[in-house]
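Only one chain comes next, encoded as structure tokens, the form predicted alone.
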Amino acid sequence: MIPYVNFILTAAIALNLYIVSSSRLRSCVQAAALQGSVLAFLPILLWGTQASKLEIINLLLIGIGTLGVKALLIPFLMFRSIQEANVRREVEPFISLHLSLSAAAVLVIISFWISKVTGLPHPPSAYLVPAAFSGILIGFLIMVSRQKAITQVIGYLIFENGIFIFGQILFQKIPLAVELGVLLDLLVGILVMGIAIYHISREFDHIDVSRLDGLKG
């Protein structure tokens, strides 16, 4: 199962880099949905062969919940937000796409370095910790380097995906209720952000958060 796990984690890192380098919002949402889809299989592939029957049920519930929320429901809500706000491209990020991609690549390298020097529990896959940390760091990068509010929501989703990957290290210590609670918190957060984006677009005819600075003072 480990080769499949490594493939999923490598795909998650590659999708993060793709999202950072893309200027098309729909492509970013589709990539985030694809990442949610592949990550839904991660728990059962990591722990399915070692788990009891009850734990397998928990793993399946986590996978189904992840697939339903991250790969289907949240992308649907984000596509609706794009349609309502009438936005097609992330034209002017705070930093250029080339510089963003370079920064993201550096963050991936740093994540692999962190996995070597930290005293974290030995994971079943050598890519598990780097994929988790790179998702968290790249999620932060997207949130602070993009002007469109909806792209920042994508950054928030990538950040949570990184936490989800890291949580697999502690699967046997984290009850099912906690994992599903995190998914619920993510969904609520996305819903609140979607409502905010809708109202910002309706009032100001754009969702460029940098232009909201003009409201200060």
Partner chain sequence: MLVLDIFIHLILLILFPPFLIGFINKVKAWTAGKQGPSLFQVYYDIEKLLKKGAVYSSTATWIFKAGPILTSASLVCAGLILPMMRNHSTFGFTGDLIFFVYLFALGHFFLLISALDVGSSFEGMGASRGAAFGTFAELALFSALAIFCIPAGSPTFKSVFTALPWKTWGFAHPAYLAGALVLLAVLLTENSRLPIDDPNTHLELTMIHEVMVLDHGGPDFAFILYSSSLKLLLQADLLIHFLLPFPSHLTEEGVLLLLSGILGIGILIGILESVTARLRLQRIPQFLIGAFILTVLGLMISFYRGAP
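Numbering follows the first chain given and starts at 1. The structure presented is a predicted model; accordingly, all values stated were derived computationally and were not measured.
Form predicted together with its partner chain: not shown, discussed below.
Undergrad: So in the model of the complex, does any heavy atom of residue 116 sit within 4.5 Å of its partner chain?
TA: Yes, residue 116 lies within 4.5 Å of its partner chain in the model of the complex.
Undergrad: Does any part of residue 13 reach within 4.5 Å of its partner chain in the model of the complex? Heavy atoms only, please.
TA: Residue 13: yes, in contact with its partner chain in the model of the complex.
Undergrad: Wondering, does residue 127 line up within 4.5 Å of its partner chain in the model of the complex on heavy atoms?
TA: Contact with its partner chain, yes.
Undergrad: Does at least one non-hydrogen atom of residue 98 fall within 4.5 angstroms of its partner chain in the model of the complex?
TA: So residue 98 counts as contacting its partner chain.
Undergrad: Considering non-hydrogen atoms and a 4.5 Å limit, which listed residue (143, 136, 71, 105) is close to its partner chain in the model of the complex?
TA: In short, 105.
Undergrad: Contact check in the model of the complex: 3, 109 and 112 versus its partner chain, with a cutoff of 4.5 Å between any heavy atoms. Do all three pass?
TA: Yes.
Undergrad: So which bits of 35-62 sit within 4.5 Å of its partner chain in the model of the complex, heavy atoms only?
TA: If the 4.5 Å heavy-atom criterion is applied to its partner chain in the model of the complex, 35-62 yields nothing.
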